[in-house]
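First, one chain by itself in structure tokens, the form predicted alone.
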């Protein structure tokens, strides 16, 4: 089979993860050059390498160039093998992004699988586990994917040490996605999980968020002792047909009030639009939607991640995406077979 050629210079880790998923599902080998070429530290980092090793293990495939710092990778997938797998990133790299790489492939297997993943669960460079569980999985269920992620331990950056598990059931027949109308705004909730920090920091963060988005379902959650310390502001809004979440993470030199304001402003901006899908979820729905045979959704202004992800998907699958502006900063992204 012809090896697909991919230029990774304009994309980041998502471009590589999408290619790995699609190689597993289609059995098409690929060669990616200039991996993360425009990033401050180009090439494969530990979290990306873990995705490569995991994809190779669940398929019995091969990966040439799978080394830290490598800017070129040739990947050949074998046959997907359902099973009970354990993968450790070894840093605060996102367990959620690793799960998103493997889930669609294992969902295509003929028997259930379970993943045990360790690393980061709440860090500023990836959606937190709460987003994965409550937003991402809800959208995937609409298409027929069946997975049950569970959080065993929070892992904040930079310590990591988080643990998640996920039971994946074969998906069977998938349904195209239709998510252009979010419906009425029905609920808002705010959660501030924190560990090994003063409760006053979490309280101030919550109060700052409530000034912008008042709601009754709001609380701070002091976590049990564990690796490292951290705090996050997670704001979720429920609509008739979907959910959305914004998040911001505590960091050295940034006040608790600023973190709370940041998360609240992000959600407030989404609420002023008529989009059904927020920007982060939009990028993560492209590949599952293509595997499901197409569909469409509305979102806010798509970024470069959407563009590069579409390019990779269209290289592997006989689909065509279209991005149309529908006014008020809302875009409709559609996917159709060709």
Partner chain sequence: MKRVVIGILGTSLDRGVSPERWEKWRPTVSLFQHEDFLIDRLELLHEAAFQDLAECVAADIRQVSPETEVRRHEIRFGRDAWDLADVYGALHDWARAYPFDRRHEDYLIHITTGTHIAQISLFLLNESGFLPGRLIQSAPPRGGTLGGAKGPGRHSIIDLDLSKYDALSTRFAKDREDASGFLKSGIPTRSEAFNRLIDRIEQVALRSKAPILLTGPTGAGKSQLARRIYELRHQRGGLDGEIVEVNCATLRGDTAASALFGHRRGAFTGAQADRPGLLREAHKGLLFLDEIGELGLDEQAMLLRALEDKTFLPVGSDKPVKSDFQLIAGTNRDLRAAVAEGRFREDLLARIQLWTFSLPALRDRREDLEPNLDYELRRFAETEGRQISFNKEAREAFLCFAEADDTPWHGNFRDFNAAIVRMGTLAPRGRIRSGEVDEEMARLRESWKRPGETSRPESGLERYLSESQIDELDEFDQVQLAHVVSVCRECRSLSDAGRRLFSASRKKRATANDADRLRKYLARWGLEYQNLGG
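Residue numbers count along the first chain shown, from 1. These numbers come from a predicted model, not from an experiment.
There is another form of the same protein, the form predicted in complex with the partner chain; it is not shown, and what comes next is about it.
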| item | value |
| --- | --- |
| Stretch in contact in the model of the complex with the partner chain, which is absent here, among 44-52, 285-293, 267-275, 306-314 (heavy atoms within 4.5 Å) | 44-52 |
| The partner chain contact in the model of the complex: residue 80, any heavy atom under 4.5 Å | no |
| Contact of residue 158 with the partner chain in the model of the complex (heavy atom, 4.5 Å) | yes |
| 4.5 Å heavy atom contact, residue 137 to the partner chain in the model of the complex | no |
| Exercise: residue 88 in contact with the partner chain in the model of the complex, heavy atom 4.5 Å | yes |
| Single option in 229, 169, 187, 165 placed near the partner chain in the model of the complex, where near means a heavy atom within 4.5 Å | 229 |
| Residue (of 71, 150, 141, 196) lying close to the partner chain in the model of the complex, criterion heavy atoms within 4.5 Å | 196 |
| Residues in 238-254 close to the partner chain in the model of the complex, defined by a heavy atom within 4.5 Å, in order | 252 |
